[in-house]
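Encoded as C-alpha cells, the following chain is the form predicted alone, with no partner shown.
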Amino acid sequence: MKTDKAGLSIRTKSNLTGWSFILIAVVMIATFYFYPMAQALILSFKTGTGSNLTFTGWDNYIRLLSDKTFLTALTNTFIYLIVQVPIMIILALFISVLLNDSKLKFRGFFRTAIFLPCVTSLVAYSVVFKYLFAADGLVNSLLMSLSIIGEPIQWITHPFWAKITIIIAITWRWTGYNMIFYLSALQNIDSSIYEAARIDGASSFKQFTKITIPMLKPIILFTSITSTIGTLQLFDEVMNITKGGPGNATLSISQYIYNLSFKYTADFGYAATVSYSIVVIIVLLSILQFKVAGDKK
C-alpha cells in the first residue's frame, strides 16, 4: 500500500480530506439541530413558569391527554390534513399533466403563475386572504353579484367557513410547489412508453392510471410526506388570517405551542411536550404512508 512522507496511506489521507470538507457542516448541524432537539426533549419533562423549571417526569405528557385545548388543536390540524392534503396532491398532479403537454401554448407563463404563490411572503399573502374573505370582501361581492349567495358568508368569523378559508389559503399557496416535483418527474418519463400505449389503443385516462401514476409513485409518496409534515406544522395562515378563532375553531398545534410560550403565562416545558407530540405524529404517519405505498426501502 502506498504511503506519503507522514506514513499515511493514500486511502486514509483521502478519507481525512473528505471528512475535513464535511466537518464544519456536521458540527453546525449537530449544534443547531440535534442539540436543540435534545434540549427540547429534556425540557418536556420539566414544569414551571419562565425559567423557573423543575423536573416532574411524565406529568406534562399525562396532562397532554386531558388538555381540551390541545385536543381541539389536534382535531383542527387533522381536519386540515385529511381534507387539504389529498385535494392539493390531486390538483397538483392534474395541473402538472396539463402543463406537460408540448402542444399547450404559454406553458412557461402558466407554470410560473401557478408556482409564484409558494415564493410569496407568508404574512403578506395571509393578510391579502383576510381582506379577500372579509364579510365585505371581494369573494363575497363576486358571489353575490353572480347570485350564488343571497347574503355575505362569514368566512373569518364562522367556525366552519373559517376552516374552509384556511384550507383554501394553504391549497392556493402550496399546490404549485408540489406541481414542480411532478413536472420534473413527468419530463423524465420516456415518451415512447405513451406512444406504445396509444398504438395499443389505450385511452388518455388509461395512460394516466396505468403509466403516469405508477411512474410517479415515489414522487407522490415524497410530496405526501412533505405535505403532511407541513400541514402538521401549520402556523402562519392560522395566526394571520383567523388568529385561531373563532373560539379556537381554527387553532393549530403550532399556534397552541406559540400561545403556551409567548401569549399565555410562559410554560416552556409543556410547550416542548406539545412540540414532541407533533414529532411522534409525523413519524407514525410517515411510517403509515410508506406501508400504504408498499415502499420497503
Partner chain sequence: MRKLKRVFTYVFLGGAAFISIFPFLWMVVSATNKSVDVTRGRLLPGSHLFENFRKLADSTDLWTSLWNSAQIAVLTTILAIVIASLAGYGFEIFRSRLKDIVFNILLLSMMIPFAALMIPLYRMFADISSSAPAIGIDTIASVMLPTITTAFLIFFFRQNSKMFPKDMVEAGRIDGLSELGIFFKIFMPTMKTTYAAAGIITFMSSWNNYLWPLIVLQSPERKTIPLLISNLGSGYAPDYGLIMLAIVIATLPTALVFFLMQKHFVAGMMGSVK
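Heads up, when I say rigid core I mean the largest set of C-alphas that superpose within 1.5 Å between the two forms. Fair warning: this is a prediction, and the values are worked out from it, not measured in the lab. Positions refer to the first chain, counted from 1.
Below, we turn to the form predicted together with the partner chain, even though it does not appear here.
Q: Please tell me whether any heavy atom belonging to Phe129 falls inside 4.5 Å of a heavy atom of the partner chain, as the geometry stands in the model of the complex.
A: Yes, Phe129 sits close enough to the partner chain in the model of the complex that at least one of its heavy atoms falls within 4.5 Å.
Q: Taking the shortest heavy atom distance, is Tyr194 within 4.5 Å of the partner chain in the model of the complex?
A: So Tyr194 does not count as contacting the partner chain.
Q: Taking any heavy atom pair closer than or equal to 4.5 Å as contact, tell me whether Ala40 reaches the partner chain in the model of the complex.
A: Yes, Ala40 lies within 4.5 Å of the partner chain in the model of the complex.
Q: Since only the chain is shown here, I'm wondering whether Gln289 would be in contact with the partner chain in the model of the complex (any heavy atom pair within 4.5 Å).
A: Looking in the model of the complex, residue contacts with the partner chain do not include Gln289, since no heavy atom lies within 4.5 Å.
Q: Would you say all of Trp58, Ile164 and Thr228 touch the partner chain in the model of the complex, counting a heavy atom within 4.5 Å as a touch?
A: Per the other structure, none of Trp58, Ile164 and Thr228 touch the partner chain.
Q: Going by heavy atoms within 4.5 Å, which of 95-103, 208-216, 77-85, 145-153 lines up against the partner chain in the model of the complex?
A: Within 4.5 Å of the partner lies stretch 95-103.
Q: Which of the residues spanning 170-187 lie within 4.5 Å of the partner chain in the model of the complex, based on heavy atoms?
A: Contacts from 170-187: Trp172, Tyr177, Ile180, Phe181, Ser184.
Q: Honestly, after the rigid core fit, is Val280 moving at least 2 Å at Cα between the shown form and the other one?
A: No, shifts by less than 2 Å.
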